[in-house]
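One chain comes next, on its own, written as C-alpha cells: the form predicted on its own.
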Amino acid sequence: MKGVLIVNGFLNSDKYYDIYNLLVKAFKTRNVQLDIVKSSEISGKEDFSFTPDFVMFWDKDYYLADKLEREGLKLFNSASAMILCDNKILTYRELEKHGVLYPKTIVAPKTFENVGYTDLTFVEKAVERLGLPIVIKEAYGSFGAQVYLAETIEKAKEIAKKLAPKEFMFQQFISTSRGKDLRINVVGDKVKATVYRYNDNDFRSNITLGGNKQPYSPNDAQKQIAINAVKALGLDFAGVDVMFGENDTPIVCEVNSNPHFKSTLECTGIDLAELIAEYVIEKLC
C-alpha cells in the first residue's frame, strides 16, 4: 500500500514538518509508504505523476482536493469535510443543522472591496442580541489569530469596519470558558486524547498565543459532543475545541480537520499520527 501526503508548498516552518514527519513515520512502521507532495507542485496539472492508494490531505486547498477526488482518489479528510471546517461560518451552519451545541452566532452581511460598510446598524443589532463583550471571528484563520473580542459597541464597529470585505461572524461570548477550553482529538468515532488548554492573559486558550496545557479526562457529555461534531461534518479525524458552558455544559467552539497534534503528543504522550495511520489502513483494507 502506498499513499501521498499533500501539504501546502508555502508553509515551510518546523512546526508543520514535525507533523508531516510524524505521519510519514507512523505509516512507515506499518509498512506503508507515505510520500510528501507539495500542493504547489501539482496545482494546475491535468495528469498526476502518482497513483496512490490514498491521500492524506494536509492542506486547505479545496479546489485541489476536489480535483483529486474527481480523479478517483480516496482522501482523508474528504474535500467536502475540509471546506466545512476551513470556513467557520460553514462549520456553524452545519453543526446547527445537526443540533450540535454552538455559541449563538450571527453572520455579518456581505459587502465588497472598494465598498466596505457604509451602515453599521447590523453591528448594533448583533450586540443587542448577543450582548457584550462580543466575539468577532473571521471565517478563515488558524491558531486564534483571526478571533477578536469587543468589550464595547464602538470597538465592535471598529473591528467590523476593518474586516470588510472579509467574511466574518459575531458570536456570543461564553464567559464561563474565558481563556480555557478542551482540545478533544477524535479518530473515527472515538475520543483518543484530550488536552485542557488555559491562558490567564487572553480570552483565547491557544498554545501559540501563550496558553498552557495539561492532560484531561473528558466526561461522557464532552466526549459525545466532540464525536457528534465530527460525524456532523463528515470527518474521519479531527481536533474539536470544546468550551465550558454554564453548569459545565459542553459547547463546540471550532473543529480542525488538520489538527496540529504535536502539542497533544508533548502533553499526553499519545501520538495521534499512529492512531490516524491505524485508522486509515483499517478503512482501506
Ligand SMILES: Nc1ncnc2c1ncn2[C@@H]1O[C@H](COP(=O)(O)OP(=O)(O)O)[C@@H](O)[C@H]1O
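No experiment lies behind these values; they were computed from the predicted model shown. In case it trips you up, residue 1 is the first one in the sequence shown, and so on.
One more form of this protein should be noted, the form predicted in complex with the ligand, which is absent from this view; the next part is about it.
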Would you classify Q214 as touching the ligand in the model of the complex, given a 4.5 Å non-hydrogen atom cut-off? no
So in the model of the complex, does any heavy atom of D241 sit within 4.5 Å of the ligand? yes
In the model of the complex, is there a heavy atom of the ligand that lies within 4.5 Å of any heavy atom of L120, even though the partner is absent here? no
Can you tell me whether S142 touches the ligand? I mean in the model of the complex, with a 4.5 angstroms heavy atom cut-off. yes
Answer range among 171-179, 107-115, 70-78, 154-162 for contact with the ligand, defined in the model of the complex as heavy atoms within 4.5 Å: 171-179
Would you check whether the ligand, in the model of the complex, lies within 4.5 angstroms of a non-hydrogen atom from each of K137, R197 and C253? yes
Among the candidate residues I83, L95, V147, L130, which is the single one with a non-hydrogen atom no more than 4.5 Å from the ligand in the model of the complex? V147
Checked 100-127 against the ligand in the model of the complex; residues with a heavy atom within 4.5 Å, sequence order, are P103
